[in-house]
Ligand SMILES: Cc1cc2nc3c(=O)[nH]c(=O)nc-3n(C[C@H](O)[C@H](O)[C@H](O)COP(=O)(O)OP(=O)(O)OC[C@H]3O[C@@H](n4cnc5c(N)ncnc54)[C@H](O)[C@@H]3O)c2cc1C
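Heads up, the chain below is alone and in the form predicted alone; it's given as structure tokens.
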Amino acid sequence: MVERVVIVGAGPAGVRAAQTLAAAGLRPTLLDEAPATGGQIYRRQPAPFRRPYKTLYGFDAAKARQVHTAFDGLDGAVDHRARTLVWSLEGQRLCLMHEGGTENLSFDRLILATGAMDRVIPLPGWTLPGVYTLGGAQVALKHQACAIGERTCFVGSSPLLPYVAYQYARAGAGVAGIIDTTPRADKLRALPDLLAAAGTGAKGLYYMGWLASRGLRYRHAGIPIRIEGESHVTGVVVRMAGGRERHIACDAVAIGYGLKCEHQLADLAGCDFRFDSSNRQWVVAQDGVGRTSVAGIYVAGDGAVIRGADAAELAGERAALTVLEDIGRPVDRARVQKIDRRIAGIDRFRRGLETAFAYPHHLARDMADHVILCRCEAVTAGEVRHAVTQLGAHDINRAKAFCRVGMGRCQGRVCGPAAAEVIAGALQRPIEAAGRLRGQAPIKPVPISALADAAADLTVAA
């Protein structure tokens, strides 16, 4: 019997997994919310646009073309379902929504290539119109060829910071400022590890140099104090390294503090997690080649470990090869060993990134009580601390029960990391002691009719 293999996520990891399985004679099902394959980094432009690859993807144009061409060349060998949201997982059944309709899809093997999203540290004014994540700002430029403002200030600590600022400036958009919270000394300390992947490290240096040559100074060790404005953004106040506060006039702000794995479906599947102290987040426990603690469920790409697009391609292929091994299909052992060596090499570069763009967890831990931490439910940092110190909430899920932090539309995907830091600070314990928000279905908002339809389907199946 031919097993049904389903892949969730059509970014670099998902595409390479699908390609590998199709080459072995399987016909995997590939599910993704986007209208086309490519993921965030190689997001395809909508049909009316025909901008050249070089304009859209810069140094990564050749890689983007390769990923797109790889999938397009499969020509029906993959059951690709675009614009499809996987909103729940129960046993070996996925709950899907496509164009308002719902469906349950069973699987024998499941590869979760769900990618990552920006980590955000709330600050006063972050709920104003005109405040985006770095990833959101990039989507606007790549997908719709528009900027989020006429003069945008880029703030945070992330490899995306110089990259997105460069993309905006290169496209002719106004850049009001680039503020990196990490000290310059950390960048220098990380340089040997960054140069382990010479091409990628050199691109980062080029972006910074190009920005400087246009008079766009890249400032280090700046701490964002507040975003100003009434009905829209008018500026950002930043405390510079010497302690002086600086007001930067702008009409939009893009913020981001690295990436966090999107692992809600793995949580619903019952997979074990482990705490990654290097970047202060929980990740799905796996054996290094994609297998999770749940038989038949695999993880790949940034949804498993934040390593970037190049590693995601390799990890997607590696997870697919693991699936083939597990179902008794022959695999090329030389190719397996080559992938393992290349991923190990990328891990050194990853360590360099985590040093060069360190997550400034103290900004979350020391967040003022009046700051809205959870914007879905309008919960302040002070209310979260009250739940810990006065109501006895000993972890993030207990705090959620008391004050609704992480209970809104985003299910804690935005506020969760910062809330955990606030709770750990209030408990005066290590961050891992705060725990992690448990996954809840639906992992993203769906109409109430979808829940009713799913319940009816399960009743019929029973």
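Residue positions are given as counts along the sequence shown, with the first one as 1. Model, not experiment: these values are computed from the prediction.
Just so you know, the form predicted together with the ligand exists too; it's not on screen, but the next bit is about it.
Only one listed stretch (148-156, 364-372, 77-85, 285-293) carries heavy atoms within 4.5 Å of the ligand in the predicted bound form, and that stretch is 77-85. In the predicted bound form, no heavy atom of A18 sits within 4.5 Å of the ligand.
Mapping the unseen interface onto this chain, G39 counts among the residues with a heavy atom inside 4.5 Å of the ligand in the predicted bound form.
Of the heavy atoms in A70, none are within 4.5 Å of the ligand in the predicted bound form. Taking the partner from elsewhere, E421 is found to have every heavy atom lying beyond 4.5 Å of the ligand in the predicted bound form. Across the proposed site, G125, E383 and G416 without exception lack any heavy atom within 4.5 Å of the ligand in the predicted bound form.
The partner is absent here; in the predicted bound form, the one residue of I111, A165, A312, A254 having a heavy atom within 4.5 Å of the ligand is A312. Proximity to the ligand in the predicted bound form, defined as a heavy atom within 4.5 Å, holds among Q281, T181, Q138, T322 only for Q138. In the predicted bound form, the residues of 12-33 lying within 4.5 Å of the ligand by at least one heavy atom are, in order, P12, A13, G14, L31, D32, E33.
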